[in-house]
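There is one chain below, alone, in C-alpha cells, taken in the form predicted on its own.
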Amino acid sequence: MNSSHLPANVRGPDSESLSDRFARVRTRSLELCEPLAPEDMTVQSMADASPTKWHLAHVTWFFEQFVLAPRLPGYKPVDDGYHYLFNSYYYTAGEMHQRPSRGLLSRPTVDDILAYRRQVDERMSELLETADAETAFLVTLGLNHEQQHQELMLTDIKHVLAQNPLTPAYREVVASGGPAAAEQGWHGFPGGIVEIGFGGDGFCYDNETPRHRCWLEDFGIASRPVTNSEFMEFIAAGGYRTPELWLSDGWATVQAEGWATPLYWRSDGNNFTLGGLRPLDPNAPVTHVSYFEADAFARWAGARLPTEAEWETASRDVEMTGNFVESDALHPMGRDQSGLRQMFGDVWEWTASPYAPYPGFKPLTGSLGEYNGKFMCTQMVLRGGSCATPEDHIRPTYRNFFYPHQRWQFSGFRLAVDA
C-alpha cells in the first residue's frame, strides 16, 4: 500500500465520520435509480456504457473484493459467480465477463443486486466500527470509485434513453436557459516553473501524484467554456466539412461516424437531456463533444486547448463551486460571472495533455495498481467535473481521462492561447 495516499485520520475535514459517509454515498446510488424501472436498468446501449444494475453490482463487488475479503477471516462471498460477472478490468483479481456483453445479463435481477448490496453493506458496517488507517483508505477509495460510477450511471442511462424513439425523460430537471453568457475574455498567466499535482492532506487518486515542477510559457486562458451558440457558428462555417481543421484520426472518425453536430443535438433545434427533449440553450457550455471536435474548433477559432498544467495553474484561485449533480439541473447552464467562470462543474473540459504518468509516479500496490496506471496510453485528460459529478468528489488536481473519440460524457472545453 502506498502510504502517501492514506488519509490523516478516519474523519474527513468536515467531521463526517467514515460510517456516515459510507451510508450517504451508498444511499445516493440508490436515489439515482428511483426514476428508473427495472427494464431501464438492464439495457446496454453501446459497448462503452454499462447497464445501471451492473454499476450497482460492480461498486458493491469492489467493497467485497478489496475490503471485506482481505480483512474478515473466513469471509464467504455472497455469490461466487458475482466475482466473474462484476469484476470490471482487474485481471490480477481474476477473469471477468466482457464489457460489451453486460447488457445480456438478465440474471441476476435488479432485486437480486439490491439484496447483494444490502448484505455487503451489513458486513461493511461491522468492519467500519474498528477501521484502521489502511482500511479507512480502502473504504475512501471505494466511495470515490462509487461516486465515479454514479456519474457513469447518469451518462449511461442518458445514452440508453436517447436511443428510444419516444425520447423519454430520466426525470424532471431544472429548466435550462440561464443568463446570457458574458462575452469571452482572456486571463493571462506568466510563464515559469510551477508545481502541479496533489500535495495536501486527505484523499487523492494515485494518478494525481507526485506533486512536481514543470515549466510553462506565458499563456492566456478563456474566461469561460465555449458555448452552444459559438459551436453553432463553427458548424455554420463548415467546421465538420473542413478536413484541414482536424487531426487525422479525428477526420477519419467524422467520416466514419457521419458527425455533423455534438451528440444529442437534433435537427429541429432540440437537444436530448436527462429531462427529455429541450430547446438547445445557446448560452450553456457546449457538451458531449469529443477531443477531436474540441481541437478542431480551437484551430478554427485561432486558438488551442490548454494543457492540464495550464488549466490547473489557472484554477488555483478559483472558488470550487459550480453546477454539480447536487444542483439537480443535470445539464450545463449559462452563467454570467466575473473572473474565470465554470472551471468546476457544468462540463468536463478537454485539455491538450495526453493521459500519462507524472514524473516519479508509482501506482498502488497489488490489484488496485490497475485502477489508473494501466490506462496511461492513448487517452486525453479532462479537468473540472461536470453537472453529473458529486461536488465533494472533485479537486483542482483531479485527472479524468477518456479516449479522444468518446463524447457520451458531459465533456466540453475552453480555449487557450500563447501569450
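This is a predicted model, so every value here is computed, not measured. In case it trips you up, residue 1 is the first one in the sequence shown, and so on.
The same protein also has a form predicted together with a further copy of the same chain, omitted here; what follows describes it.
Across the options 285-293, 146-154, 225-233, 125-133, residues that bring heavy atoms within 4.5 Å of a further copy of the same chain in the predicted bound form belong to 285-293.
Shown alone here, Y240 lies farther than 4.5 Å from a further copy of the same chain in the predicted bound form, counting heavy atoms only. For the chain shown alone, E391 is not a contact residue for a further copy of the same chain in the predicted bound form, no non-hydrogen atom being within 4.5 angstroms. Taking non-hydrogen atoms only, E326 never approaches a further copy of the same chain to within 4.5 angstroms in the predicted bound form.
Not displayed here, a further copy of the same chain is approached by E39 to within 4.5 Å at the level of heavy atoms in the predicted bound form. Checking V110, C204, V139, L274 for any heavy atom within 4.5 Å of a further copy of the same chain in the predicted bound form turns up a single hit: V110. None of P168, P190, G199, P100 but one reaches within 4.5 angstroms of a further copy of the same chain in the predicted bound form through a heavy atom, and that residue is P168. Annotation for 213-242: interface residues with a further copy of the same chain in the predicted bound form are R213, C214, W215, E217 [heavy atom within 4.5 Å].
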